[in-house]
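This document starts with one chain, in the form predicted alone, laid out as C-alpha cells.
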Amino acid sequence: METFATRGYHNASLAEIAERSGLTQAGVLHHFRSKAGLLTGVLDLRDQSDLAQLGEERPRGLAFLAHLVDTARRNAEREGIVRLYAVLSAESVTSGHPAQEYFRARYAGLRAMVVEAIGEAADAGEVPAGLDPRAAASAVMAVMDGLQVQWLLAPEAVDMAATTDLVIGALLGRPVPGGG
C-alpha cells in the first residue's frame, strides 16, 4: 500500500514491494500473479476496511450521508490509505491503467449509493424539493475527493469531516443529523 501510495502504480517496483514485505519478487508474484493483480489486491483491501465500518447493512437516507461525514473523519486518521486512493484514482485516468475499470466501477457504485440515500431522504421529506440526486451525489463525491488532496498537501489547513458536513448540509438545506 505504502509503495503504491508514494510512487504510484507505474513507478512502484516489485523489487521494492517484495523487500518491504519480506518476500522475494517470486514470492509476491506467487500470491498475486502480476503487479496489476497486486494493485487490485491492495485496492480490495482498502475497500474491505471501509465496508467493515458499515456493518451488515448500509445506513439509509440521511444516516448514509452522516456516514460519509464519519468516513471523512476516519480518513483524517488514515493518511496512507487516503494517499493511495488519491494517487491511484488520479493516475487511473491514463490510458491502459490497470485500475481504471476498478475506479469506474467504484465511482458508479458509490454514486448509486448516494443517489439512493438521497432518494430515501426525499421519500421521508428530509431534502428540499427539486434536488437532483445524481448531481448532488456527484458534488458530494467531488468535494470528498478534492478535500483529500487538499488535506494531503496541508493537513493543518483542512478539516475534511467539517467541510463534508457543511457541503452536504448546504445541499440538503439543513444540518446532517449526526454528521457534525
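Numbers for residues come from their place in the sequence shown, where the first is 1. Keep in mind that what you see is a predicted model, and the values were worked out from it rather than measured.
One more form of this protein exists, namely the form predicted together with another copy of the chain; it is left out here, but the text below deals with it.
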Checklist line | One residue of 29, 122, 141, 113 in contact with another copy of the chain, assessed in the predicted complex (non-hydrogen atom, 4.5 angstroms) | finding: 141
Margin query: Is residue 135 near another copy of the chain? Define near as a heavy atom within 4.5 Å, in the predicted complex.
Written below: yes
Check: Hey, in the predicted complex, does residue 20 get a heavy atom within 4.5 angstroms of another copy of the chain?
Finding: no
Next item on the list: Although another copy of the chain is absent from this view, report whether residue 41 comes within 4.5 Å of it in the predicted complex, heavy atoms only.
Entry: no
Checklist line | Close approach of residue 75 to another copy of the chain in the predicted complex, 4.5 Å, heavy atom | finding: no
Item checked: Heavy atom contacts to another copy of the chain in the predicted complex at 4.5 Å, residues of 1-36 in sequence order -> 5, 6, 7, 8, 10, 11
